[in-house]
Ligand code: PA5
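Only one chain is shown below, in structure tokens, and it's the form predicted on its own.
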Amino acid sequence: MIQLYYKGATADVVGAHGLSEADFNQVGQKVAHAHQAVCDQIAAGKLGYADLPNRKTYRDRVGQLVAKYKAKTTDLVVLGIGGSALGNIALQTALKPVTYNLIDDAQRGGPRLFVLDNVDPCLVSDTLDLLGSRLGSTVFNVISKSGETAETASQFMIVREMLRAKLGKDFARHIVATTDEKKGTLHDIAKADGYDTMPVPEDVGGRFSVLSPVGLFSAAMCGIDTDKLLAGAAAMLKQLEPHDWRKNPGTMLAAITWLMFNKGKPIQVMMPYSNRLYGLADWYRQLWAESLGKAKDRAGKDAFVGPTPIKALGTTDQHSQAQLYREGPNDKLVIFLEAATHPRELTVPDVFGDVAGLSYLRGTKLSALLQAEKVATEYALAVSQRPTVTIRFDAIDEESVGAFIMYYEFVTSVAGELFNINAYDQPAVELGKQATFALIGRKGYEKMAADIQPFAKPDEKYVLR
């Protein structure tokens, strides 16, 4: 499914900027304890994401609604943000063609998929306009545990009223709500209006929820084999069970992450050499940033930890970022994603044999060129003493993608133990949400609205025209 190759992060390759046997030996006991702590939490049922591959009730509910809606749905629109959108996008871009929405309805194998993960008025308006006469065969999947997330709630309110105006009393048949099973604003509206519903797991945070109905419904509607996706995740979790941490790909990557952070490399660049894997880099950024970026440790002491995750795309960003990565501050760990095989292949034709600058490309497979570009970048970074690791996919398929998701969620848990922080909350996100409520005029936030006023109106002293 997937493999970790970490030689490029060692002192043998990048000298003092890499990790030595002494580094690994020094951290060994700490990593072993962190690994055991995570495994104990999983065994005790405290980490809900690890149990998602086994939750048959979720799979059954998703299957019921896919059977009900898929055949008569031409367009599926997901209303969500953050963990309620990035995973959906990652699955779709990894496992379906980039031209999926352009394929003829009869040939596509599922509805067109649109994920509205922002309140940009152009994004929302343009998408709704595009649906046009297909509105009667469109399903909107609104995903929100509470129903009060401002971005998703505003989209939902717009869509609900549009459906009511254009489709009348049948509007509710075009909304599926993924929300809390027992309570909450969206739960109550769904019950009153009569929407079909799916559960947002109570014990799984949004950024860990892609293997729940949050991500599985849109995937299954579009023809992704979700059973294989979950099987890949389950197989990976088995692989990550307790054994020698030096031979475990999860604990090794967590250890490298922690060591590099403490070695003056607080930035981690995920660089897939595949457009299909690029969405996974977006998903990873939220998982890593919200989970590990914390001001306080578990004892309440100042910590201010967290590797900064950024994304790049090979080969595209060899031409836009590699200059910085090789000659700028040596403060980064580059994490390559590569695939042993790709879903499609093309070969450069045997032409221009008499053109010295092009003849070497004749008969080259694009996958071979892409891999050569990756190895060349890895080599160039090593020459500049810039550490790298590689996560290799045997293939870009459901099993490998499911394995990658479970792999990185587990690595995040182990890294949280190493940093001694709570990897499952996101307290710094709340102030921004509350400030949005205040600025838009929600009751109960009047004092905050007054406090924000110096920020809401530009100070002319600092405006240049």
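Bear in mind the structure is a predicted one, so any value in this text is a computation, not a measurement. Residue indices: 1-based, along the sequence shown.
Not on display, but discussed next: the form predicted together with this ligand.
A.B. asks: Identify which of T73, Q286, T185, N248 has a heavy atom within 4.5 Å of this ligand in the predicted bound form; exactly one of them does.
C.D. replies: Comparing distances to this ligand in the predicted bound form, the residue within 4.5 Å is Q286.
A.B. asks: Among S146, T347, N262, N275, which has any heavy atom within 4.5 Å of this ligand in the predicted bound form?
C.D. replies: None of the other options qualify; the answer is S146.
A.B. asks: Out of the stretches listed (155-163, 79-87, 381-389, 92-100), which one is close to this ligand in the predicted bound form, meaning heavy atoms within 4.5 Å?
C.D. replies: The contacting stretch is 79-87.
A.B. asks: Just to confirm, G314 within 4.5 Å of this ligand in the predicted bound form by heavy atoms?
C.D. replies: Outside the cut-off, so no.
A.B. asks: Indicate whether G232 is a 4.5 Å heavy atom neighbour of this ligand in the predicted bound form.
C.D. replies: Because no heavy atom of G232 falls inside 4.5 Å of this ligand in the predicted bound form, the answer is no.
A.B. asks: Can you tell me whether P111 touches this ligand? I mean in the predicted bound form, with a 4.5 angstroms heavy atom cut-off.
C.D. replies: Contact check for P111: no, nothing within 4.5 Å of this ligand in the predicted bound form.
A.B. asks: Can K68 be called a contact residue for this ligand in the predicted bound form at 4.5 Å between heavy atoms?
C.D. replies: No, K68 is distant from the partner.
A.B. asks: Can you name the residues of 331-349 that have a heavy atom within 4.5 Å of this ligand in the predicted bound form?
C.D. replies: Nothing in this stretch is in contact.
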